[in-house]
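Single chain ahead, written as structure tokens, the form predicted alone.
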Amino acid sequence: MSESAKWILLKQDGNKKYQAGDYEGAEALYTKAIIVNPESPILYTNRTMARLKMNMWESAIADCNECLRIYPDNMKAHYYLGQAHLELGNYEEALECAQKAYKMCVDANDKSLSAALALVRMCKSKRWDELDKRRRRERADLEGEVLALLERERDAAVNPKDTDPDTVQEKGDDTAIRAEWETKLEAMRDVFEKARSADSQRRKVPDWAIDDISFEFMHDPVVTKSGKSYERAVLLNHLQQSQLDPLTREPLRPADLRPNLALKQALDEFLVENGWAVDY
């Protein structure tokens, strides 16, 4: 048996194991195939799939990087790399990989476009959650530091170390001073409380940001001949079922669509301060 036939047979056997749910067996067969042919990108992406199923995130990343060394424009490698980084909490890296996979799907009109978009949204959502938690922790730390500082200043004002008879407070002065500082402390607590309340207020997504087919927040809007914008992946899926404009019911083809760059910029700017909208 030739070397070429050997690794192809091992890959096919690995595929059968994978489809049967035997991911460990599949991973072993893909590894044997890689030993025979270490320059085949598909072997690395296939083994990556098995390793992702077994939660072998670091190994999956290594396989994706090796695949990209051989073939830098491998969409699947970027997609799986994004998945692995997402599981490890590397949200910036995950988003970068997911966006590369999405762009490749758009350029190639790949059927995986919807899956790539879903990964981009998930990465953005997880990244926002992490940033939001960090901001809340920093705000809580700041509140504690500010209040502690005010309390120390209050205590110093009520119980001054200066014992010069000319500066000793008269009886009752400390009560007035304490009351004044308590007012300042309460005012500062109120400032932080209002900030927390603002964070917890009902969040609203503007109508212009919502796709009228899926009713989800748009990520990559395209505009039709009628001037209406939709999410690219959602509209392309619609056109696979019906070659008609969802609004006007006139004939519409994928080639008729144009990126709505102004709307995309507005969406990206909205997400900077409202990352929760990704999950809308």
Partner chain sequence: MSRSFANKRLAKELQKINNSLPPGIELVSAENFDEWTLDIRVLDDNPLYRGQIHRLKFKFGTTYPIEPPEVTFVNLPDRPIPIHPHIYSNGIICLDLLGQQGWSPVQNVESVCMSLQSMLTGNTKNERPPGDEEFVRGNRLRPKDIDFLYHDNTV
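Quick caveat, the model's predicted, so the values are computed rather than measured. Residue numbers count along the first chain shown, from 1.
Below: the form predicted in complex with its partner chain, not depicted.
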For this session: Give a yes or no for Asp212: in the predicted bound form, does one of its heavy atoms lie within 4.5 Å of a heavy atom belonging to its partner chain?
Result: yes
For this session: Flag Ser114 as yes or no: does it have a non-hydrogen atom within 4.5 angstroms of any non-hydrogen atom of its partner chain in the predicted bound form?
Result: yes
Exercise. Would Ile35 sit within 4.5 Å of its partner chain in the predicted bound form, counting heavy atoms only?
Worked result: no
Problem set entry | is_contact(Ala26, its partner chain) in the predicted bound form, heavy atom dist at most 4.5 Å | no
For this session: Indicate whether the candidate residues His238, Pro246 and Arg249 are all in contact with its partner chain in the predicted bound form, with contact defined as any heavy atom within 4.5 Å.
Result: yes
For this session: Specify the contacting stretch among 26 to 34, 215 to 223, 43 to 51, 59 to 67, defined as having any heavy atom within 4.5 Å of its partner chain in the predicted bound form.
Result: 215 to 223
